[in-house]
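The chain below stands alone and is given as structure tokens, in the form predicted alone.
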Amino acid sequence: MTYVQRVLEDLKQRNPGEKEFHQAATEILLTLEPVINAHPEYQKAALLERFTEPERTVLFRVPWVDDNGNVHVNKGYRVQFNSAIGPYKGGLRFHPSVNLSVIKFLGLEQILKNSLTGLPIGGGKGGSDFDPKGKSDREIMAFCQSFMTELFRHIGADTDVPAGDIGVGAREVGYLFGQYKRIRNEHVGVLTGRGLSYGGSLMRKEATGYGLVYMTAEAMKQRGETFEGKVTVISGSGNVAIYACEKAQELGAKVVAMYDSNGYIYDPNGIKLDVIKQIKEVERGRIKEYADRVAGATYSEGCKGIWTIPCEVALPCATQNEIDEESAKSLIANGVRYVGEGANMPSTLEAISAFQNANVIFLPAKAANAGGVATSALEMAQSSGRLFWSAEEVDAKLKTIMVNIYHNVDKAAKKYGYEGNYVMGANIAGFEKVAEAMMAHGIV
């Protein structure tokens, strides 16, 4: 048994039942074998054992009172995974599916994603099993204030800088920041994704979706192609999906399908994004309403069917494991050529293998959706310098970062003899920087 295999088996035994964490660790560690073989000093320093064990895991209760006076108790999490190259950085997710396994998988991925940006940020993640759906603004505020009343002890502008994720948008970030400022009596860049009136950055809402398209477009460019005329399917209908759609359409793509947690819409004439924005951003409605407003569009219950729609480009932007092996094979059979992951780990290991075996250009999440955290780091830089950059400045920096990520990933894959395997390339390129820093710090 190799060192990598031994570390992986030990991790599974010491973290029983954490299937999402096991999946992420398996995908990452097995691809690092060439690097580990080239650096025997890593085994002597137990580098992988330290890399896969969070530096700190915080679990806490979050009591809050609803509008009827009823008391509820949710679970809160913050996993500070690795600070070798900078302060912990990673979003907060409020969703019923959140548990320790999900937060650890997201945190482990975040280490490499943040490293790939080239910016000095470490990896962390947090959240709660609280569900914001159906809650009033007052209930959201009550929960966020209670959550921050514990979390404030563990974060700081130079220690740990959370951001938003699923279920945590501008409203939630505002309430969280307000409570932090109230408790600490300081106005610092401790959260990113803040409103423009109190230290936020332009382009943050668009960043993950735009960045995904910038990287996919660069992969196409290297093959003499563009988005022009390419039929594209995008899952989800939150910020990532909406702004991936916006940028893809701007570059000439024909986006024909999107979904939310209830079902998907198909518009063979091309998605009318203004209608989607009205429904999802203004009315906070369900995507099925699109079919009632746009002639020729259809709505189907359930989400899996979206991957049976013929397309050349698939951009999964919803949640983990939304594309399984069956869905991957449907996409392949229907002509998909590029898959760019906008969500975190939206493809199962079997799906990834199917894409790679079919020579589909597969761009993994930790590289392809790094635009969000990259722009969060740019927000941190603006906060530290008391600066405010224009949308054009931020967008130009974002595009440069995403193009550089693609080429660094491509170079790392080629360096170890895996040309075109961007999963290998992303993991290796991200890991090499973190490993070098960890070795420099000694056994800590």
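One rule holds for the numbers: they count along the sequence shown, beginning at 1. All of these numbers come straight from a predicted model, not from anything done at the bench.
From this point on, the text means the form predicted together with a small molecule, which you will not see here.
None of S327, N344, N74, Q80 but one reaches within 4.5 angstroms of the small molecule in the predicted complex through a heavy atom, and that residue is N344. Only one of G127, P364, G123, G372 comes within 4.5 Å of the small molecule in the predicted complex through a heavy atom, and that residue is G372.
Of the candidate stretches 179 to 187, 348 to 356, 220 to 228, 83 to 91, only 83 to 91 contains residues with a heavy atom within 4.5 Å of the small molecule in the predicted complex. Residue contact with the small molecule in the predicted complex: Q110 places a heavy atom within 4.5 Å of it. Heavy atoms of T192 reach within 4.5 Å of the small molecule in the predicted complex, making it an interface residue. Within this chain, R204 lines the site of the small molecule in the predicted complex, having a heavy atom no more than 4.5 Å away. The small molecule is not drawn, but in the predicted complex it has no heavy atom within 4.5 Å of D267.
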